[in-house]
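What follows is one chain in structure tokens, specifically the form predicted on its own.
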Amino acid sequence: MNFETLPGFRSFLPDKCFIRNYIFDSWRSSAQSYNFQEYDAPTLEPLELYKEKSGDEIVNQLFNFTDRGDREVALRPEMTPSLARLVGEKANSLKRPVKWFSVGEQFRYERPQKGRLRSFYQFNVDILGEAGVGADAELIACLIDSLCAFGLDSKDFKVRLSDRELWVRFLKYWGIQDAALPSVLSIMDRIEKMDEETALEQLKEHFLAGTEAFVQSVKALFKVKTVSELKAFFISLPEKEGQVVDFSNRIEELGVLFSTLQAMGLEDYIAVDFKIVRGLAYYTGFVFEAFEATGKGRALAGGGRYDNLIEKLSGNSMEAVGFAMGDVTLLDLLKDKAKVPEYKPSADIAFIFSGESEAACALEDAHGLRREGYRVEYPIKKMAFSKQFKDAGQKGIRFAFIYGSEELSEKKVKLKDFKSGEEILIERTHAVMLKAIKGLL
């Protein structure tokens, strides 16, 4: 019987695992350069945790079941609810701001398609307990630097920035009441994917006779690309009787965010784009998504400010902003841009010997170098001297220590550099062998 990998899941043979770990290492290095601390959480969580955050409709997207303890549980589809629970439990003892990141596997029961699988890995970075715009800027900068770490630049990707708070004020200017805001924001999040007739039909319930005028205003907002254009757009809105909505202070906040990113030299990576709405109801402020520069494909990453979610899930109030980046869409982009590193499974050093006494000496030295962190190839079965040389060359190993009876009688060993062909005779001591390798690397 042949068993295949389940749909939407992946097996990682060594070459694929090498690339996966390259992505993980780069993510960790980027987060740590901003002094974020790594955390983790259980893969299996109470189902209610996700229902509380996203509503009952989330259940159809989850791998969920009732366990032997009669508990309703689910494989985690995202990290944010777990983060909220963990931070909420320790809210009074954590030094603020809390700067945490994680790299972990998530699961969603969805139809597998390009850029979306049922099992995927995600890089989550969050700052909690800081309301100022500096936290938003740091998160966006970390996102940009995380992508740049793979050899990408502003010609390869852009971060599109919007603001849920300005969207809320804009909708209130058009007379939308608080209860209807989630519904209208959800439509705005999907409006680019709708034909105009469908959009008008869905919006009529909320805007009645003003629907067409609202859609035309939205089209103008979607064309805005800079803070100055945004300011001009809101200034140009005609006054509405009984509607006094202040946009100016929020635009100033957005200007501070842009100025901070500009001071970091990141302005080429950022664009104002109010087509970014982030349909999830818990976002409360600036929101952003990273895309391939031409806009093709799925978002590479997304996030924003969610100041009320920690309190909702834990009962402890704490401001929060964060982003998540998945490995599937990222790897698709790296392949498109020829930025995937070549898999090289070779060891650093091979040990080659002729007889049993030489083999024992080689094994002792190989074990010592392994403890120093070198990747060492030592034959685990008996092999002819010439075959050992051939095997080391085929595996692409750079160096070899060669043990012959004559050299060992003088307490020496040969070091061969396969790249240059050079051979040197050195003393067979741990210190000398280490120094010789370090000198050639």
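If you're wondering where the values come from, they're calculated on a predicted model, not measured in any experiment. Numbering starts at 1 and follows the sequence shown.
Unshown form predicted in complex with ligand HAM; subsequent notes refer to it.
Remark: Phe351 does not count among the residues lining ligand HAM in the predicted complex, judged by a heavy atom distance of 4.5 Å or less. Though the partner is left out of this view, Ile276 does not reach within 4.5 Å of ligand HAM in the predicted complex, counting heavy atoms only.
At least one heavy atom of Leu117 is located within 4.5 Å of ligand HAM in the predicted complex.
Mapping the unseen interface onto this chain, Thr284 falls outside it, with no heavy atom inside 4.5 Å of ligand HAM in the predicted complex. For the residues Glu110, Glu311, Glu212, Asp189, the 4.5 Å heavy atom test against ligand HAM in the predicted complex is passed only by Glu110. A single residue from the set Glu130, Glu78, Glu267, Asp336 has any heavy atom within 4.5 angstroms of ligand HAM in the predicted complex; that residue is Glu78. With the partner left out here, ligand HAM still marks one of 157 to 165, 89 to 97, 358 to 366, 102 to 110 in the predicted complex; by a 4.5 Å heavy atom cut-off that stretch is 102 to 110.
With contact defined as any non-hydrogen atom lying within 4.5 angstroms of ligand HAM in the predicted complex, the stretch 131 to 154 contains no contacting residue.
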